[in-house]
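Listed next as structure tokens is one chain, alone, in the form predicted on its own.
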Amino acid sequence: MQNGNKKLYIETLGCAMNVRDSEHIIAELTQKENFEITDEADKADLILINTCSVREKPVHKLFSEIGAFNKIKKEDAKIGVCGCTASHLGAEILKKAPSVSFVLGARNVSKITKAIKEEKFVDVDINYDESEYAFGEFRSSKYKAYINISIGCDKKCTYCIVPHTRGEEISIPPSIIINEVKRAVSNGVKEIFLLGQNVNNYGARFSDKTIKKMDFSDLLEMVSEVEGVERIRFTSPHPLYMDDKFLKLFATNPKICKSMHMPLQSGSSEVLKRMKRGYTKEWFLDRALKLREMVKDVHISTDVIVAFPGESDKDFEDTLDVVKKVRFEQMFSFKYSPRPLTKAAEFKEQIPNDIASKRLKTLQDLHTSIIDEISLKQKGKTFSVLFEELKSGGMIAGRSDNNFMIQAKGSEEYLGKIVDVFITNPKRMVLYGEIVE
């Protein structure tokens, strides 16, 4: 690269969709504005923070990060804030942090080249439609490609701020998705990772009304037929849309990795109703246990919120009951955090923090005991692993088809390859094994 290139430093907070948004930003700035990436913020001409607003903690972190970057940045460097918190707070960020040059919402990523040229630029339009915008090609991984299949969210979960930061749900045309898949595999990508707030509601709405009606299962089949695709993952599916067609395809298509994220949120039908999740405890259990029945060694992960307003001891016991019955291989669990613009923030019967903390510990202790048992049972098994990362001590790391993190002795010659690993020493978070030659 030429020495005259400007340097871009980007910090990404939050989910896989934020990671993909950051990749789109990098593609726009490197290909159109002569930027190159740096991992040293003090050397950057532009510092971007791509934010999350799902919980309160990342929002607080944003302003502490702005302060920290302001102390070390070059005198003429700009700081920009993008993502969900940008969508939510908008121009308020400029008032709270005058060192910020621009604010760009999660639905406005394609305007980054405009944002960097206008001082105090703010665009947080959640109705802006980027579903057919042709972003350039940039991937943070050589072997895995994140690909958006929809933007926005139509669900009205009472605890969630996302519909207020990412707008209504629009599916990206299948032709754009398939072209992106083909470009990725032509560059050596082995694993396609499809992204959407509710991926399995794909096809509910296209901007182009002439597109033939199709659903997520149809799209999965199209992606699996692209030559060169070896693995397909996706997140996050909604339990409400896990119909038999979807489960059957998941179980039988060999390219679809056998790991499923099923966000439970609560095991109580009463709480689920107040959350406006659209399903019951019984529906969730039916789908999860059917999945266990259909797919040997399926890996099921979940999200759980404890102490949602009005959650009784009985409601919490229902959550524990689901965790005991499904035995999730992975669980992301949090205390309820009131978010602005959400209905639940207005609910009475907010749960005291001491009770919430106790419930969270009880849940996490239960799950820890479950995953310890699950991990031990993996000893002596052999898994196909896509190695993606070098670790210290001559180790390499990757994920099995069913999403276990696995490490083995090996060198960079194995990176980007899918190889068999025999598990010799399973631990709670990582399974250690030996490559089968």
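What you see is a predicted model, and the numbers here were worked out from it, not measured in a lab. Numbers for residues come from their place in the sequence shown, where the first is 1.
Separately, the form predicted in complex with 5'-deoxyadenosine (5AD) exists; it is not shown, and the next lines address it.
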item	value
Contact test in the predicted complex: residue 339 vs 5'-deoxyadenosine (5AD), heavy atoms, 4.5 Å	yes
5'-deoxyadenosine (5AD) contact at residue 200 in the predicted complex, heavy atom, 4.5 Å	no
Heavy atom of residue 265 within 4.5 Å of 5'-deoxyadenosine (5AD) in the predicted complex	yes
In the predicted complex, residue 183 touching 5'-deoxyadenosine (5AD) (heavy atom, 4.5 Å)	no
The single option of 146, 250, 316, 159 touching 5'-deoxyadenosine (5AD) in the predicted complex, heavy atom within 4.5 Å	159
Heavy atom within 4.5 Å of 5'-deoxyadenosine (5AD) in the predicted complex - residue from 74, 335, 276, 358	335
Region of this chain that lies against 5'-deoxyadenosine (5AD) in the predicted complex, out of 210-218, 128-136, 252-260, 301-309 [heavy atom, 4.5 Å]	301-309
Residues in 44-60 with any heavy atom within 4.5 Å of 5'-deoxyadenosine (5AD) in the predicted complex	54, 55
